[in-house]
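Just the one chain here, laid out as structure tokens, in the form predicted on its own.
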């Protein structure tokens, strides 16, 4: 089957064409508007939706050109688009476009849970074993699942407040880092010089082994209070940002490996935008080696939002449940399994 994937869940407009028999991506395109939103210090939903509406059709046309196939019903067998979670304006553009193409071409379509896309994203580049522990870490989500199959996930724990990516964005504003702050803070955390400081922020819930949960709002507050203190005058912002991220990574890995122990599963897959972090990957691989476990990450380009993972997740959904009907609506707060 050839699957056309569409993702417009946040600020990136993404289109992909996936071939199921070979497992190859014939096209994998992402248009980022990060510079447009950077001037506002974050994603502006209305601007993002208008950008999706303006470029979605040219993006689809370019994807077919890249794949070397004609954009007609004789080539595409399935259309998969994100229906949630995400920003409702963008979701409406992508899902509406998928429905229109489905109707015009008489090709089935499915609405895909964006999180289930992230959960399957590592399979775009490698074989992944089931069952395994799956952790999604992004700007809006920090959750841990037991993945029994590509369509069967059990939530084991999640954040009580802020997501890890949201923490980085908020700390970035405190430290006057241009949006998005994550890549900059990641580089700071990798620098060993930034770890030679007496600054030590809390690791919320890390030692609470009776739950698999995160809480990052207190870490953000600890950073804020430190910046307001006299002590911060002699500490470089690189050290502060690095310590915040090191604390967050300690919490993320602590709970992921706790879940691994509890479920007696030796493979942990970490996905989502924060999984693009080189520091997180280094620390995860180091701990996995120490504990004789295996940790898997998607390719870096598939950690952030992309339509390739939506195409693959849509294929699995279609094979199990069949096509969706045109009354399917967007759901900005949909959860995994719904």
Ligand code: KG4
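This is a predicted model, so every value here is computed, not measured. Residue numbers count along the first chain shown, from 1.
The protein also exists as the form predicted together with the named molecule; that form is not presented, and the subsequent description refers to it.
With a 4.5 Å cutoff on heavy atoms, residue 183 counts as touching the named molecule in the predicted complex. For residue 248, no non-hydrogen atom is located within 4.5 Å of the named molecule in the predicted complex, even though that partner is not displayed. Among residues of the shown chain, residue 298 is not one whose heavy atoms approach the named molecule to within 4.5 Å in the predicted complex. In the predicted complex, the named molecule sits beyond 4.5 Å of every heavy atom of residue 27. Only one listed stretch (289 to 297, 303 to 311, 61 to 69, 47 to 55) carries heavy atoms within 4.5 Å of the named molecule in the predicted complex, and that stretch is 303 to 311. Only one of the listed residues (138, 194, 159, 102) places a non-hydrogen atom within 4.5 angstroms of the named molecule in the predicted complex, and that residue is 138. Residues 166, 168, 169, 180, 181 of 166 to 181 are found to place at least one heavy atom within 4.5 Å of the named molecule in the predicted complex.
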